[in-house]
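The chain below stands alone and is given in structure tokens; this is the form predicted on its own.
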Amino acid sequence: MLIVQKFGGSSVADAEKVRRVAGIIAESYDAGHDMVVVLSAQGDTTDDLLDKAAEINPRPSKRELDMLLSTGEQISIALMAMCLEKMHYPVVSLTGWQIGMRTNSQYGNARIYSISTERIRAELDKRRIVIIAGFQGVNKMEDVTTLGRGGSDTTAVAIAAALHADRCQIFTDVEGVYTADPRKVPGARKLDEITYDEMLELASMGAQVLHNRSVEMAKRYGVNLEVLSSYVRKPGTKVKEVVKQMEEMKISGIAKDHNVARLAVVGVPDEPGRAFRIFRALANKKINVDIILQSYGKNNTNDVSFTVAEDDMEEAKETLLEAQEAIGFDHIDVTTDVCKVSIVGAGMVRSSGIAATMFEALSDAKINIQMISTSEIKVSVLIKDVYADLAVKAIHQKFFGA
């Protein structure tokens, strides 16, 4: 059996943890499996590298930043290979460019084009454990690129898809996917399985167990995905196309996202095409917009409010101000003390009153809703950031009784 395993930064943060992960890898290898392992940078290494960059240049080019940040994963794979060598296992560490991980040239958030599996298969044929640096690739100019937040998850799933691996295991610091963050909600339940669509929504809405791009890729290529703990040897959560849905499970999970800012474009003329001009300007800058609300203002104008990632807030504001004459608005209000809380579940399609139950929970907790967005399997609300944890606990209590 060919298994791809991925371990995050917290799982390999120090020497002791590297040795524990090496034990997990060795156990799978001893069971006769072909092993490909993807690693993230150790602990806070990426943040430390960003701090080092800021000391030299507060606004470095994204190309040079990628060159710097990619070294974190290279440290991890070399140390892991050394550990397995000491345990007398045949092993080789490989960077993104060594495995032919080809990407586009969007430095800092590159997309994978292709993977050449020739080198990986050659090493597997020698019965070596292949340790691969996650989060990185190379573009057509042979420049190092990084894949953005959660990029090592995407690396692992992409390799599993390219190799037609039997299983792709994502090891984290929790035992699987829960109905809410178990560190904040003691009564959170671990799910045995969850659909790709539900996991994709949870990941997109702020759940940090898996990155949304990795789930999207797993769904597209049918990768057999499992989330489990690197600390406790127990079965995790399987992510798959179809699950055995329990009747009482109307929702599968609750997520919160603090990386949110709300922009209100005030005084937009009530005329056709004005909203188009707003969102076309943002789209041209590749700024993703989430919740959108249009309300009628004064003097035959509208106020158009929407949310973006807080990281994109300044660029979004500058982009709209540059287009102010063409759009014709009065001014922009920006709010950053907000959080997006979402419930996700395939069971919503078959059940009525899900949104009402969520809103009742927030009402009981005296939490005001600023904006609402819905889909077939998701309801999201924008609330004050300070009430985020209280909101998640209240909603979880309402749906799960804990």
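What you are looking at is a predicted structure, and each value in this text was computed from that prediction instead of being measured. Residue positions are given as counts along the sequence shown, with the first one as 1.
Although not depicted, the form predicted in complex with a small molecule is the subject of the following passage.
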| item | value |
| --- | --- |
| Interface membership of residue 183, the small molecule in the predicted complex, 4.5 Å heavy atom rule | yes |
| 4.5 Å heavy atom contact, residue 173 to the small molecule in the predicted complex | yes |
| Partner proximity in the predicted complex: residue 178 to the small molecule, non-hydrogen atom cutoff 4.5 Å | yes |
| In the predicted complex, residue 208 touching the small molecule (heavy atom, 4.5 Å) | yes |
| Among 8 to 16, 21 to 29, 376 to 384, 389 to 397, the region lying within 4.5 Å of the small molecule in the predicted complex by heavy atom distance | 8 to 16 |
